[in-house]
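Quick heads-up: it's one chain on its own, the form predicted alone, in C-alpha cells.
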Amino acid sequence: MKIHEYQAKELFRKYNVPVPEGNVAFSVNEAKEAALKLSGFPVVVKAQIHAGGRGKGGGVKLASSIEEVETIGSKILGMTLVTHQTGPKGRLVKKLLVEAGQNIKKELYLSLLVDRATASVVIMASMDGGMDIEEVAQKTPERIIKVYVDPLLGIQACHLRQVGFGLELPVAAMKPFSQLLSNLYKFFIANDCSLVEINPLILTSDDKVLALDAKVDFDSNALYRHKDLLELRDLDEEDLQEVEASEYNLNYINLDGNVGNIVNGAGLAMATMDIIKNAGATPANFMDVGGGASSEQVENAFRIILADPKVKAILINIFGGILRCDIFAKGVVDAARKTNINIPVVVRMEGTNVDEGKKILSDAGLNLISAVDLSDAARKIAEAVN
C-alpha cells in the first residue's frame, strides 16, 4: 500500500526523522493559509499523487510570495499530472503539500528496501540525489552504495558509518545522518515497509540533514497488524477495479493487454500470463481467485474482468487442488448466467473432480471453448483475440 508524501512525513516525524516544516492543503485558500503558517518565503508547492517524477511533470514549484502560492496552487490543483510513473493517462491532483524552502548545499539519495535474494534489508544510497535512481544505476552504477542489514541483528554502527562515509558527508553531518538513518530503519521494520525512499535527502548549508521527499510502500500482507495505517489509504489513487477486487478477496492487478484471465494460484497466474504472451496475445490482468474460491468470488471475478473494455477474450486456467474443478465449474455457470458474457471464453481445467467439472460446463449449454492443456489454451486464446 502506497501513501502520499505528506502522510509519510507525518510518520517520519513520529520517528524523529527530520523533515521540512509543511502542511497539506485541499484547496487554493488552504494552500495560502499553509504558506502563511511557515516561517517565511520562499515556499515549495508540491502536488500529492502516488507517483514519482512530479517535479519534471510540473507538479513541484517554488513560490516567493503569497500571490505566487495562489497562482501556482490554482495551476497544480486539479491538473492531470503526467510522469514516467503515471503513464500517459496521468493522475488528477486533489491535494497539495506546502513546505518551507531550504538552503540546499547537497542533494543525496537514500532508500531502504527488502532484498529477498539475501533475506536482508538493503540500504541504498548515492551522492546523486534528485535523479532517477534507475538512470544512476544504468550510467554510473559505481556511485550507488549498497549496505545489507540482517533483520535478525538489526542495524549496527558499522552500517551507519559505511553509508555515511560512502556519501562523503562532512564530519559535522555524520552524527545527525547516523541518527536519521537509524530512526528510518526503526520506522521501516516497525511498520512492515517494503520500500522507504528519500530522493532527495538534503544536506543544508549548516550541515543538517533533511528528508526533502518521502516515498513509502507498506507490505499489504502485513496491514492486518497496522489498522492505523489502513486509514492512510487513498482509494482515489488506486485502480477502481483493483479496489473492488480487494473487497472480494481477489488478487487482481489491471494490465494493458486484451486477454483477461482467471486463475487459482499466484504462480499459475504468472505462468498463464507468460503463455498468453508467448502465444502472441497480451494479458489484460493478473487474477488469482485463490485456492478456496466460492461461486460468488468466481462471479465477481468475471464481472470485474468484463468491466474492462480492453478485454477481448477470457482464459480460465484452473488446477483443482483445494479448489475442486466441479465447484469452480458451478461458479463459472452461475457467473455466465448472471453476467453478459459476449466475448470468447477458453477453459482449461485439471485436477480434483475434473471430469465432473467438464460435464457441468458441457451440460450448461454455454458457448465455452475447451482446451486440453496449457499449450492448447494459449493457442486458442490467441486465435480468439487475433
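Worth saying up front: this structure is predicted, and the values here are computed from it rather than measured. The first residue of the shown sequence is 1; numbering continues from there.
Form predicted together with guanosine-5'-diphosphate: not shown, discussed below.
- Residues with any non-hydrogen atom within 4.5 angstroms of guanosine-5'-diphosphate in the model of the complex fall in just one of 323-331, 56-64, 341-349, 30-38: 56-64.
- Although the partner is absent from this view, A172 stays clear of guanosine-5'-diphosphate in the model of the complex, with no non-hydrogen atom inside 4.5 angstroms.
- Contact annotation for G164: none of its heavy atoms lies within 4.5 Å of guanosine-5'-diphosphate in the model of the complex.
- Contact between P200 and guanosine-5'-diphosphate in the model of the complex is found at the 4.5 Å heavy atom cutoff.
- Among heavy atoms of Q102, some come within 4.5 Å of guanosine-5'-diphosphate in the model of the complex.
- With the partner omitted here, the residue from A284, V289, L212, V98 that has a non-hydrogen atom within 4.5 angstroms of guanosine-5'-diphosphate in the model of the complex is L212.
- Note on the partner interface in the model of the complex: the residue among G130, P151, P176, G90 having a heavy atom within 4.5 angstroms of guanosine-5'-diphosphate is G130.
- Residue E5 is the only member of 2-30 with a non-hydrogen atom no more than 4.5 angstroms from guanosine-5'-diphosphate in the model of the complex.
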